[in-house]
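Two forms of the same protein chain are encoded below as structure tokens; each is given separately, as structure 1 and structure 2.
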Structure 1
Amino acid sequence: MSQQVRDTILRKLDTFQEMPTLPVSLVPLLRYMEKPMEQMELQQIVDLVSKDKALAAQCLHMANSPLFGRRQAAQTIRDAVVALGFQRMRDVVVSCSVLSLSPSDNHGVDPTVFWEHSLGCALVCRQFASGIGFEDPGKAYLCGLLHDIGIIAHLWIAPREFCSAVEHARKDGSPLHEMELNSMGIHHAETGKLVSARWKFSDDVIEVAACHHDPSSASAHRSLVALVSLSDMLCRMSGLGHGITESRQIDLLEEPGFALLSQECPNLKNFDWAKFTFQLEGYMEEVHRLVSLLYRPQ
């Protein structure tokens, strides 16, 4: 049964017919935002975002959230870019754009819980990266946001089977990827690898989507994968776990991701995990509020 489901998913992913197209604004924005800082121009970003009025409104909402560290209210996209800087603005624009990737027919599973997890994980990744002196917190944010993109693919191409896996995970208190593997023969990391490659995301995003449940299988971007893996786990244990409460105890310092990341970030040894966990609790309300406000399915 699970082999059949797996084959069907792989076939559908191969043709990509049931998958959504990326929002028109997302691709040029991502390309543009990947340019070196010195080549970015304020007006071009403002123009790119302002082309889509709904996107512009969402970006302002997000830019004005304490989660993005604003100090003064931004009334226009230009204000927001000036207040937040190019990198944070990229975080905002990409977050708002990907939120529209979910299907409107949800087969009984509320897609907002997945976006809450992704946005929460992105924020945790960025703060974690800053806290341990990881070289690129902006990249960590982006990878945190997109690490579960395979779940969105499952919602499009195998909604019934995926919803059944979610139900089992909720009932058993088990991790979602294990339940997906049991009932569908494939989990969202494998799907995420295929779909993010198809959408031509960068290599690091693809590897994070593919390996975040098994960081030791990563090769080129091991520390980034490890960072997202630990952040993902922390979110799942802190009430931002796709609406699933995993009934288990974890010691983050025993996770493979910890050993991998400590090789590159010696500061990790002195990291205050307890305080970081309490800080994360402080985000949750705002993450719920933002996602419920900004979520718009296709």
Structure 2
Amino acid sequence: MSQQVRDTILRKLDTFQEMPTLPVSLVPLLRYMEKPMEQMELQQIVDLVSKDKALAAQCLHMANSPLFGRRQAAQTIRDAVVALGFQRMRDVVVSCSVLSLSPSDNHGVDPTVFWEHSLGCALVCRQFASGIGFEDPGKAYLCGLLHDIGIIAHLWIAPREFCSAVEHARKDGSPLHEMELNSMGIHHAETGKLVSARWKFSDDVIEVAACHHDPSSASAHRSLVALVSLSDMLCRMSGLGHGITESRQIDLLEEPGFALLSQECPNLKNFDWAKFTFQLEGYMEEVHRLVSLLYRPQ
């Protein structure tokens, strides 16, 4: 049965049958948001955001929320970008762009649960990367945000089978990708590689989507894959794991990703894990606030 589901998924992905495409207006914006923040220009972001009415409205909605305590309402896209700042604009732009591709009928699975995990992973990736001297924390953030893009594909192409895998994972306390493989013959990392390549994401984003559950299999961008893999585990073990509480215990220092990252980021040996773990709680609170604003407007 799982082989049959796998064959169906691969056939649909081959033709992109039943899968949406990224809106043309969003492609240059997503490309621009990959740049290091010090290279971004305010007017360029304003111009690109203004080309997508739904995204522009979401930015204004978020900028005028009580969370940011503005005394004056943001009335223009420029006001919104200034109010949010470039980092949070990246949160809004990439999150809204990709989550908007989720199907309206999710067969009882709330996609925002998965997006909370992805946004949490992105924030952890950025802080983790900065703490160990990784060359591009912004890229780590983007890859953390997009690492589970294969889940969106499963919600479109095999929603019932995917929901069954989610339910089994919740009952067993097992990692989602293992239950997907058992019941569907394919997990979201393999699907994510195909989808992100089809959407013409950059090579490093594709490699992270493909290998974040098995960083030793990465043939390129190995330190980035390892960084996202470890951040993904930290989020899942901290209660931000697709709505699934995993029953297993892990030791990050024994994970293959840790050994890989140690080879290319010598500063990892001096990293303050106790402080970082303490900060995780704050990141999780930030994620819940942002996701409530972005996807669960009152």
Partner chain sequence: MTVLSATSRAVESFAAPDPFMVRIRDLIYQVAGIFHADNKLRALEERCMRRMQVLAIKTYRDYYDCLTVKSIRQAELVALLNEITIGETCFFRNQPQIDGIRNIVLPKILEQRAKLSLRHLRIWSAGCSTGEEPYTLCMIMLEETATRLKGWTFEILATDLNERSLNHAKNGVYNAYSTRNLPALFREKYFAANGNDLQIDRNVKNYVNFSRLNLTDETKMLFMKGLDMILCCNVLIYFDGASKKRVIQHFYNGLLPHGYLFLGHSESLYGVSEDFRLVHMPSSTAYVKGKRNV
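Throughout, rigid core stands for the largest set of C-alpha atoms superposing within 1.5 Å between the two forms. Just so we're on the same page, residue numbers count up from 1 along structure 1's sequence. All of these numbers come straight from a predicted model, not from anything done at the bench.
Here the chain coming from the form predicted on its own is structure 2, while structure 1 comes from the other form. After superposition on the rigid core, the Cα atom of residue 90 is displaced by 2 Å or more between structure 1 and structure 2. Shown in the overlay between structure 1 and structure 2, fitted on the rigid core, is a CA shift at residue 59 of 2 Å or greater.
Superposition on the rigid core between structure 1 and structure 2 places the CA atom of residue 252 less than 2 Å from its counterpart. A C-alpha shift of 3.0 Å is found for residue 42 between structure 1 and structure 2, based on superposition of the rigid core.
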